[in-house]
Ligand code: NAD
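Below you'll find only one chain, the form predicted on its own, shown as structure tokens.
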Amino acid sequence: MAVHQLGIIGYGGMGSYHHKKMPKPDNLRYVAACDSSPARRELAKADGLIAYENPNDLLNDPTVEAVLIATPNHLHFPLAMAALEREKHVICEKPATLTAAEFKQLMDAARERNLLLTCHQNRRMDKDFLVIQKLIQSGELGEVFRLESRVEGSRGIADTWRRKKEFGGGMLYDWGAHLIDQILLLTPGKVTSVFMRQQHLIDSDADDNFRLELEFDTGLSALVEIGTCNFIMHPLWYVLGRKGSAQIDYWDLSGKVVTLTNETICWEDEIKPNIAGPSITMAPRAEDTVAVKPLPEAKPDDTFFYRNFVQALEGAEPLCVDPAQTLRVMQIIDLAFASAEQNQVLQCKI
């Protein structure tokens, strides 16, 4: 059995996480790492890796078949391009690049050389996302017309390069790249409009809060929202369908599903007192017309990414995170930034 050997450029938090924490097939292993920090290089050595200071030295290592790029975001494109030019397959941490145009160049370079290019979208295995995906695919909610996906905290952005726009910092590139990817996996439709508002609440030129609205040609609308100054949080997921709604409150998967059992509504002429006050429209439904159920179970497969990568290396199956999917995410991020700058809705067909 052939063993596939990989190298890491950027042995920080995510780089070392890939090496030490992520499950991998027996025939794939990391053998080398590169980092500008002497302390991180010493850590790489202690973790059993060959340590390089210069990325070119790692890329010139003939035993390295593929490279993980896990550096600050602004370095993804030049390092990925350098790796492809040296005939190395490439895994990029998200965002794969800072613009769609950059990623398209990587796609072209990989295609010309018959090399693999993929983006590590580990949040595809988040249990909350898998629960929502399962619910939508089951049809239990009927036609879904609204998706709301949020990640919120109250600690601000970590005081690192992630606060600097020049390094590709900010929440749209960080969590936004994950949540947009998830939304696109939940619907077959094409995005027809993009509108974003962003905020800078701390001393930073990178966005620390944003609200992104997406419209699809299927009639679905979606909200992606990130907040870093939220002491009371919205639900992680809020999904509306014509026959039911679902809500996931928090990472512990608290929440519920409410579905119709009887679509008949008796509209009475007289306004009767109810919890909503003098309102016919907003009066609560009769309890016997809906069913309240727990969220379904979902089982993440933490082995999916590297197991698939090996299969793709050996020509047995296509990449699970296809470059075309990553390009769509980058195109939406491009338009979101442009929308925020112009303060207007931008039309598209993505």
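Worth saying up front: this structure is predicted, and the values here are computed from it rather than measured. From 1 onward, residues are counted along the sequence shown.
There is also a form predicted together with this ligand; it is not shown, and the following applies to it.
Chemist: So in the model of the complex, does residue 72 come within 4.5 Å of this ligand, heavy atom to heavy atom?
Modeler: Yes, contact at 4.5 Å.
Chemist: Would you check, heavy atoms only and a 4.5 Å threshold, whether residue 23 touches this ligand in the model of the complex?
Modeler: Judged by the heavy-atom cut-off of 4.5 Å, residue 23 is well away from this ligand in the model of the complex.
Chemist: Can you check whether residue 37 is within 4.5 Å of this ligand in the model of the complex, heavy atom basis?
Modeler: Looking in the model of the complex, residue contacts with this ligand include residue 37, since a heavy atom lies within 4.5 Å.
Chemist: Heavy atoms within 4.5 Å of this ligand in the model of the complex: does residue 122 have any?
Modeler: Residue 122: yes, in contact with this ligand in the model of the complex.
Chemist: Of the listed stretches (114-122, 229-237, 82-90, 149-157), which one has a non-hydrogen atom within 4.5 Å of this ligand in the model of the complex?
Modeler: Stretch 114-122 is the one.
Chemist: Find the only residue in 216, 195, 161, 145 having a heavy atom within 4.5 Å of this ligand in the model of the complex.
Modeler: None of the other options qualify; the answer is 161.
Chemist: Suppose contact means any heavy atom within 4.5 Å; which members of 9-36 contact this ligand in the model of the complex?
Modeler: Contacts from 9-36: 9, 10, 11, 12, 13, 14, 15, 34, 35, 36.
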